[in-house]
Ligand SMILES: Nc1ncnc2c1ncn2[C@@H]1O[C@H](COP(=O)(O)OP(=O)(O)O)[C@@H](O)[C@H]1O
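In structure tokens, the next block holds one chain alone, the form predicted on its own.
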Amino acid sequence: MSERATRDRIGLLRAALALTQERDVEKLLGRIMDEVTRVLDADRSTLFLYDSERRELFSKIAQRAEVTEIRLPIGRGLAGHVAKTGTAMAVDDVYDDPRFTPETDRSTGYRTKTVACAPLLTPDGRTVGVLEVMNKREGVFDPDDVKLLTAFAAFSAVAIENARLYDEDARKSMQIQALNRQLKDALERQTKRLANVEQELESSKRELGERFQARNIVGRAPAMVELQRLVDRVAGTDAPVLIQGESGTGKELLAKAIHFGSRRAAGEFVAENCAAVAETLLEAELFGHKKGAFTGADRDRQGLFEIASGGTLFLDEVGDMSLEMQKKLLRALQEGEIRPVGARDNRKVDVRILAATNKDLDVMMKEGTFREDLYYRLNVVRLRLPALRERREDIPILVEFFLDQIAKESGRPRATVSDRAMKALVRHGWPGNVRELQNEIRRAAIMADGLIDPEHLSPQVLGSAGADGMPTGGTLKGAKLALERKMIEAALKRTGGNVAAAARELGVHRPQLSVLIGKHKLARKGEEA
């Protein structure tokens, strides 16, 4: 081996070792140009990289401050030709070679004489750039120089690719670290928010629990005191409870008192008015449905049984269910399982059932409109909410309670009720029960300027009552007939038009009530007036 070959190999190995130690792409490119210039004893060198989007070479130039960047289309100039062919070459006098482009020399004042170029080829054959050395200090670039430059270009290409990958990995790692920090910060914020929400929920549940305790049921009438005692007793069990009472008596409030006094208080209390949901939708509402089970079922949906699992499901107006729906409800109660509409498998649920109705289920059962087996399944414990007219002594207490509530909600000074207005309120029949009284007090509090007098009460409450609540004008016979008609209408409304049930409530025989209904031209069940 000649002295030159030995020198060249040593120089090449030193350069390769130097390049493998550099991971920064920009520094690596500068080092490649320095090493190739030194190893090949050239005056200057240029490293071109390939811009794949523009299909051009752009330069990184060593020892040349005159030009910041050179751009060459692939195939143009000596470097462009090497990039296109993928073959190294040397030119002894560039001005004799038609492929040479002298524009750079003219713009910089530098005189290029001899050039050697080699492509930067990756192991898989991709051209990523060109190495070009110019003006050998002694003589011209010979074939051995071209071989040396080709070898240098080969491991330079690998070093560039490795450095790029390293740089890309480093950037990705930094991006991942930054994202991780952002995610960590976001998670910490969300965790704090969630903790606050959980605290608020717990606080709300505690407040609800306190609000709906049996001891907070408003009323001192003997029937209400006994009801409070029974609620405390049944709340400690999982027994189904049937709550009976007219509309507006507070059946849902009583159900909440049972739930929040039970071991299920931490679970959900879910209420559904069976009379308010179309028969065709009630099954899906209670048991849920699968996507595509029927028109409009665009996703799976949980039913109220599943939502209330671990808690209490309150079924209001259960007497309005069809016999077919009653059968499906009975199966769910017997098996402790439900099957969503469109599903094949059953799902276990753990739900306490509280049911309510304003109808006489005993009569409905005898008439065949309510299933006997479901009746006994629901009627393990029966609680009856008395109508407001049956506990008139509680009306002043309820009025004061509602006035306190209105003042707290509105932030306005608390209103008071005159004795004359209170007498009118106590003497009214309240067919809408506590709900009607609450709405009446809300309205009166708005109309009055601090003191509620009879003139602030609605005509429905005052009726033909004077200031002392007694009728004024008209005959005794007329007043008696009007009262008789009003009481029969109210009884029929409460019993859903059931004459037998209305007769029992009014304390008369059914035939006698039928005669009175005809006398007053009132509509029977299933008839129009």
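Remember, it's a predicted structure, so these values are computed and weren't measured experimentally. So that there is no doubt, residue numbering starts at 1 and follows the sequence shown.
Just so you know, the form predicted in complex with this ligand exists too; it's not on screen, but the next bit is about it.
Proximity to this ligand in the model of the complex, defined as a heavy atom within 4.5 Å, holds among V140, I217, V363, V380 only for I217. The contact with this ligand in the model of the complex, taken as any heavy atom within 4.5 Å, belongs to E252 out of E285, E390, E252, D144. Judged by heavy atoms within 4.5 Å of this ligand in the model of the complex, the contact stretch among the candidates 408 to 416, 186 to 194, 252 to 260, 105 to 113 is 252 to 260. Taking the partner from the other structure, this ligand in the model of the complex has no heavy atom within 4.5 Å of any heavy atom of G319.
Proximity of L131 to this ligand in the model of the complex: non-hydrogen atoms within 4.5 Å are absent; the residue sits far from the partner.
Although the partner is absent here, T85 is not a contact residue: none of its heavy atoms lies within 4.5 angstroms of this ligand in the model of the complex. In the model of the complex, this ligand sits within 4.5 Å of a heavy atom belonging to V434.
For the partner-free chain shown, R391, L398, F401, F402 of 380 to 404 come within 4.5 angstroms of this ligand in the model of the complex, judged by any non-hydrogen atom.
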